[in-house]
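We begin with a single chain expressed as structure tokens, specifically the form predicted on its own.
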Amino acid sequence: MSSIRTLSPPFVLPRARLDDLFERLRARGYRVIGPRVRDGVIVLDTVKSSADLPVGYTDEHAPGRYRLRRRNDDAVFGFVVGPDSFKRTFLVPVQRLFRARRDGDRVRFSPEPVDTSKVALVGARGCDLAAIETQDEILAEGAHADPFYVARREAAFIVAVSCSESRSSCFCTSFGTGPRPTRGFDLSLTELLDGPHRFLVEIGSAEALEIATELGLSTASEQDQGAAAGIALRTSRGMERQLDTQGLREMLLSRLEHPHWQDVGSRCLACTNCTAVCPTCFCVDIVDKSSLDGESHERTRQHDSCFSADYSAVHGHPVRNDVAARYRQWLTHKLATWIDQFGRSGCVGCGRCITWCPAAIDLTREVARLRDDVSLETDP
């Protein structure tokens, strides 16, 4: 695992003082957003106190299956990930770009102002941080930075959480993105349940250090630091699913005409679930709406998916006119040509696409079958 980038020795935050952390964030003008239980799933929404968090819950993941159940303890972050990611905080699902209104013989345009409201994002896992870093490179640091994304990103304070367990859909270790956050956070928590309920607090920014100082937190003992390291090691070793990334780009691009694409295409529903829950996918569509009287108009940017037939339409006809071609486009872009464009993989190993695929299509299994022709012949 990569070394953790921190600005100070770690601290200890007693469980009973977690609300004090939230209060300090609110006092600095942040709206706290974190995990909450709603309709049998963990979603991201406004958190007013630690009582709003999924205390005592854990989650079960499998291809095409997700369930919440009660734990036998009061762990605050004893789950992994839900379908939500913090992508929707920065790259919002629907973003108005401008409005226009007729004014006599002129048309007046009103650009949409950027949103600079401060948000504190609680519960980001290592895979989530890697996804944010990936989108930062594309939407904030590229040649054509998105001002809406940049404004929201600059106004965010990130409280990361180290995973204490893995689920059957997780494969973050294949990309080195977890289970313990190593960078990209302001403040990171590792929940310790041995003895008094507490959190090891690691500091990633000057503002986080100020908050820890304001809270009067004590420095973590060597025992607490060792316990946190042990949790990360056990979680990493216990990860069931792996994706062989050795030569992955070259392998995929050499199999563009492989018959297995038709096999997976026959199972894929093109429902767009995988792209909706993926924390790095950033495909969008531009939608124009005019009033019936022609006096006003607005343009919005909305999340879209490469699994949609219309997404590749040119002059009314889709370039990728079957599901197999769309799945191939998604998988090869995510794991191969994304590297050509941005210098890194577009996958962070969070496993959301596996869990929330209604057809139970498993990205890691499909890649393994493409890599190993023998398994294509023998796998039932």
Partner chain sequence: MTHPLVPHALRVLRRTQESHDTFTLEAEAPEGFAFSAGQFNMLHVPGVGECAISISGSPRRPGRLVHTIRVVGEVTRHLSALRSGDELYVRGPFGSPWPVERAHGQDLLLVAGGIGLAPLRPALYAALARPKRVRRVALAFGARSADDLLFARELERFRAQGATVGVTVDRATEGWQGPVGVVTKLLPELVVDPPSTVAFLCGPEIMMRFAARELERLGVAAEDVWVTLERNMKCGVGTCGHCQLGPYLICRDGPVFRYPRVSRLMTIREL
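Being a predicted model, the structure only gives us computed values, none of them experimental. In this text, the rigid core denotes the largest set of C-alpha atoms whose superposition between the two forms falls within 1.5 Å. Residue numbers count along the first chain shown, from 1.
If you look for the form predicted in complex with its partner chain, you will not find it shown, but the lines that follow are about it.
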Partner absent here, but in the model of the complex, which of 176-184, 302-310, 123-131, 191-199 has residues with a heavy atom within 4.5 Å of its partner chain? 302-310
Among 147, 113, 238, 259, which has any heavy atom within 4.5 Å of its partner chain in the model of the complex? 147
Which pick from 285, 214, 74, 244 sits with a heavy atom within 4.5 Å of its partner chain in the model of the complex? 285
106, 297 and 340 each touching its partner chain in the model of the complex (heavy atom, 4.5 Å): yes
Considering only heavy atoms, tell me if residue 320 and its partner chain come within 4.5 Å of each other in the model of the complex. yes
Is there a heavy atom of residue 234 lying 4.5 Å or less from a heavy atom of its partner chain in the model of the complex? no
Contact of residue 333 with its partner chain in the model of the complex (heavy atom, 4.5 Å): yes
I'd like to check something about residue 139: if you look in the model of the complex, is any of its heavy atoms closer than or equal to 4.5 Å to a heavy atom of its partner chain? yes
Superpose on the rigid core, then tell me if the C-alpha of residue 144 is displaced by 2 angstroms or more between the shown form and the other one. no
With a threshold of 2 Å on the C-alpha, tell me if residue 105 counts as moved between the shown form and the other one once the core is superposed. yes
